[in-house]
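For reference, the chain that follows is the form predicted on its own, supplied as structure tokens.
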């Protein structure tokens, strides 16, 4: 399980599916993780800074899946032997495989279910990093993304994938509002990769302060099932226990990479706090204990893994890394996307009806079918709700 050369607890392999997923995998490659990409579009692969052997082109149609998930799935099925060999070679030593998908596209959204199946047939522990589209993105993208999220969450509830890390691109936009267009996605993807890397590196370190979150704890977080949300914040108000606790509470919610989660549904949470040895030495123990207690109260029942670490490069502040695991779907955010998409579908239907008698599905394919999402509901029960109907009231 240990990776001695890089001083990391776990050996990950990241596989990007589609354009957005490939860029996420490329960010992990920059941090020296094993990474590769699969795409139906040769041009998207060419733009990735990955070794040629870490890129797999599975051609379908005229140059790509064209936001049609059925094409992405068909591409994997038609090239299944090549996909299987690629995944097998890339993940030989991996403790954990993470598939990276930009929700809503044709290749990634369509391929992810089949690649999950291949990973499981190869006996590889597999999770998914899944990004939700921004409000400004197209109707088909949002509808595709919601539909695929429902399918992935079903797999997560069954334990077929763990974790399902949900990243909300709308939230990412709020975290990096002033970046130039060319800097935005590289910065955002490196930020996400850095959160995984921070837990993976810190969990190898001993701590002279309070406790240490170790590699086994990190693995438990990854195996907690259902959804996961990662977060980061910096806390500069260290003057009083109550101030630190409030800052920590604000950081927990404000630093997450996805909106809309009910953190009370988490079954486990990892908290890593990093500061200089001097700051941690003179910080009253009660301050941190109060702050950590607040996070535990937010989660309610569940496992809490905490690590406090000294870092000589961190001055006059604390760095806070959070990993909430075992979460239900972020239904508040899903509801917003569903409502937006319902309105847009209705508007488009009206336009097309006015111009032609052809039905919407006949013109645009199955990608705009109203998705049904599975979500937990009381005492572990699961109900199927049409999210469009639920939030379009």
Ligand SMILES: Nc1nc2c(ncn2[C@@H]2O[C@H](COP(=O)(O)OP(=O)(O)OP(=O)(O)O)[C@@H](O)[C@H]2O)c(=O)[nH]1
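Given the structure is predicted, the values throughout are model-derived calculations rather than measurements. Positions refer to the first chain, counted from 1.
There is another form of this protein, the form predicted in complex with the named molecule, and it is not shown here; the text below is about that form.
Using a 4.5 angstroms limit between non-hydrogen atoms, residue 270 is distant from the named molecule in the predicted bound form.
Contact check for residue 40: a non-hydrogen atom falls within 4.5 Å of the named molecule in the predicted bound form.
The named molecule is not shown here, but in the predicted bound form it comes within 4.5 Å of a heavy atom of residue 185.
The named molecule is not drawn, but in the predicted bound form it has a heavy atom within 4.5 Å of residue 141. Checking 225, 275, 133, 260 against the named molecule in the predicted bound form, a heavy atom within 4.5 Å turns up for just one residue: 133. In short, of 231 to 239, 299 to 307, 280 to 288, 125 to 133 it is 125 to 133 that has heavy atoms within 4.5 Å of the named molecule in the predicted bound form. Annotation for 189 to 206: the only interface residue with the named molecule in the predicted bound form is 189 [heavy atom within 4.5 Å].
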